[in-house]
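This document starts with one chain, in the form predicted on its own, laid out as structure tokens.
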């Protein structure tokens, strides 16, 4: 397997969408986007979910590739809350379905959502709860938190607003790794926030861990996983470190010799998987683990697991609406992203514009391939169209030889041995990537 890890450790998309963002071409105008959004709500059974991007962080975690604004000036919260309120009202005025159709999910991501004071979180969320059709039986709300910047008051406020899931950014408990990635976070702080969330009634606690960080070694990472198991989160996202220094210059501070790669890096994942499965966790998709009672584990068992811009999720909705700087939205026929530059986003919303930056109107072929990739990413098998079978054997020739994939009864299967190479196999369906004579330097390594 060590040779295979070296062989297939090539740049590859994570496939949280198809087409992937670098290959968006037919970008909609704001009016076209609104038309596609309204079209998605024409079905009376349509459902939707909402994402807020809250970009502020007090310090930069150097592993992070998210769109963030680094500041300790909490006065900036007020203006941003106003912009979010304006953006929300712009949509309410133009998209009646936001009031008429069932809201199933709400997620706060960042940045650090708990940078915002409890009263400002309420200002953001209260108008949503009061002006939409929240499906009480199916609604789930979740928030990403940095345990070092989270208070009981914030968690109380969110819980009163219907939040039942919390995702805690841990990454690694090792002090030296934390120093290198500029994220000081003692174990006791993480434990305290976990205990508070459970005491308040949060039904699911997730931990984010990252493997492949600078100076991570098997012994140290095993201790991180063991400490995680002690705290017994309901689910765990075990992400591969996405090293993209051409996008995030802070990552240039790492020395190449400090970064585990290929087989050495994958060994950290396999070590964690062994420990987690022994502790009762099930592997979900390519980078998640959950206890049997957790919703994402049930979704995998029932065949309803979904994947979108937020990664693996248990609920699929017709619309995902993203608000805030750089936030991405999707409908069955269209992707849309807000302005990425913070001052431009603020100016355009202040001037009463929906801050369209780019997007993609999906062709019929895009939609077919999107469904195949989604199915393969969540079930590890997918029906091939007749004309794809021969192409699959040619494009994935080495993966067939290495017994990583196989075709049976007109379906492409990822073998158990092939699980680490899921992203590589998905590239078969990625016609937009395959049509490029020279692949752009935008993707992190597959393993």
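Numbering follows the first chain given and starts at 1. Here the structure is a predicted model, which means the values were calculated and not measured.
From this point on, the text means the form predicted together with a small molecule, which you will not see here.
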> Do residue 64 and the small molecule share at least one heavy atom pair within 4.5 Å in the predicted complex?
Replying inline: yes
>> Even though the partner isn't displayed, in the predicted complex is residue 345 close enough to the small molecule, meaning a heavy atom within 4.5 Å?
In response: no
>> Against the small molecule in the predicted complex, would residue 98 count as a contact residue? Criterion: heavy atoms within 4.5 Å.
In response: no
> Heavy atom to heavy atom, is residue 208 within 4.5 Å of the small molecule in the predicted complex?
Replying inline: yes
> Which single stretch, out of 299-307, 126-134, 255-263, 240-248, brings residue heavy atoms within 4.5 Å of the small molecule in the predicted complex?
Replying inline: 240-248
>> Counting any non-hydrogen atom inside 4.5 Å, which residue from 105, 359, 322, 110 sits next to the small molecule in the predicted complex?
In response: 110
>> Only one of 366, 144, 87, 77 gets a heavy atom within 4.5 Å of the small molecule in the predicted complex. Which one?
In response: 144
